[in-house]
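We begin with a single chain expressed as structure tokens, specifically the form predicted alone.
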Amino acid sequence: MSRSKFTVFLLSCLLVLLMSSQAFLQDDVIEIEYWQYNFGGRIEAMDDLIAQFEAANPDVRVIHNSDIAYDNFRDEIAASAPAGVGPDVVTLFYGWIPAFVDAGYLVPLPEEDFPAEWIESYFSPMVAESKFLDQYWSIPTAVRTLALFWNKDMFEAAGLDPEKPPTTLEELVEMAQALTIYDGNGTEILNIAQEGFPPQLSGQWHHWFREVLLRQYGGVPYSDDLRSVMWNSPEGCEAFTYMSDFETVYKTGSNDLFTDATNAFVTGLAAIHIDGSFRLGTIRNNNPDLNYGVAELPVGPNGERHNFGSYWTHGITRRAAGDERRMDAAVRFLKFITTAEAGLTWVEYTGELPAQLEAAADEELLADPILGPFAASLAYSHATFFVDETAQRQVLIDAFDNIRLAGVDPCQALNDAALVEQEILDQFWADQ
């Protein structure tokens, strides 16, 4: 064989080996899908984590589906699961876990990979709400608490100290009234030109009532076995009346004005607002010049602090469980995106707090004037056990509307609503 023919032969052999090697590598890579709803900061955070995961796990490729709008997310999951398609790892609101388990979308986290003792010592206590029927079904990267936002410019214009937000419920009423500006033609809701403190039950106020005000007035939301509604107690009536008075008695604002209460604060039309740390990104993107501060929620009549904690969490689906390699990849991916390091990465993009106790105790985070009040609240935050978060939220929205729109007494509205929610609970537990 001539030298040229030998060279061609050698190169051909190398090409065949290279192609074979590439084919082997491609066959050796398992592809899994991760789904979450469309929300800017969360998408960027997960893209970053997926890139880190794939670099450390070259045998796994993660397809990130974040195109689904929040309002359609549950329906799309429901449509995909029976067809055997959809995500292998899915992000869901923790309050959806019972419904997702009932529907067969999720599988329990493997005990050998996610021991209960490890989950309960590594994560914030509120993550215990991911345990249902004595099994853990998901774990989160981050958690949320509520805080009080205030507009410093409006405080100064009203003659209030812009660095001193309300610290008690009494101060909250006084300042909300002082900060409300009317148009000069009356003091009804429709005369409001600047809102002092507008209620928004469709936002975070139903959580503020159930887990914060109610406890500060001495009540509890549910029985210990989670089967009975308790928030229509005399203490609940006091708390709900305190809350509804902002619109019906003090007339400091309404969710019907300026699109809604959240938009009113973000656009500089409301002075005080209660929201989660996830709102920080909205303000940063839509009104970066807003001069505002963040504080822990005011203490109640009993001098106690309480807060509502919530989280979006990640579960493994039955699709992944149906294939050994997919399940292995899903487990590795879930472990990676729920480390303390992942929690701190998530904070940078979303403003949500790390779910891991180690990361949440970060001194720099606690000293942050905006994130610090949220982080400090983790120690006294409660996560509600929801059997159907959407329906249970609507119950309190309807009760509040009956007060402000139909003139129903707050205690009566609360009792009527409790009957509706009790039916939801009874139906849920009857099916278990």
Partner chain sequence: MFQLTLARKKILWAYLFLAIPLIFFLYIRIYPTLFAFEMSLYDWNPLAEEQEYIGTENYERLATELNNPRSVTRAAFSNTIVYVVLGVPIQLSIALLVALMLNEIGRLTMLYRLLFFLPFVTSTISIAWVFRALYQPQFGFLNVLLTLFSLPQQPFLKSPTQALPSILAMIIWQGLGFAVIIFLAGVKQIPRDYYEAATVDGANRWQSFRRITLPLLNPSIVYLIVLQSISFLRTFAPVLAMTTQGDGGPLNSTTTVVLRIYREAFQRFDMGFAAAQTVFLFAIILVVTIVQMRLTTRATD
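Positions refer to the first chain, counted from 1. Note that the structure is a prediction, hence the values are computed from the model and not measured.
Below: the form predicted in complex with its partner chain, not depicted.
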task = Could you tell me which stretch in 32 to 40, 374 to 382, 359 to 367, 66 to 74 has residues with non-hydrogen atoms within 4.5 Å of its partner chain in the model of the complex?
result = 66 to 74
inquiry  = Only one of Ala178, Ala78, Ala321, Ala128 gets a heavy atom within 4.5 Å of its partner chain in the model of the complex. Which one?
reply    = Ala78
message = Between Gln135, Thr259, Asn291, Asn302, only one gets a heavy atom within 4.5 angstroms of its partner chain in the model of the complex; which residue is that?
response = Thr259
query = So in the model of the complex, are Leu190, Gln394 and Gln427 all sitting within 4.5 Å of its partner chain, heavy atoms only?
reply = yes
ask   = Using heavy atoms and a 4.5 Å limit, would one call Val420 a contact residue for its partner chain in the model of the complex?
value = yes
inquiry  = Can you tell me if Tyr105 lies within 4.5 angstroms of its partner chain in the model of the complex, counting non-hydrogen atoms only?
reply    = yes
inquiry  = in the model of the complex, is there a heavy atom of its partner chain that lies within 4.5 Å of any heavy atom of Ser202, even though the partner is absent here?
reply    = yes
query = Any of the heavy atoms of Asp416 lying within 4.5 Å of its partner chain in the model of the complex?
reply = yes
key: Stretch 146 to 184: residues contacting its partner chain in the model of the complex, 4.5 Å heavy atom cut-off   = none
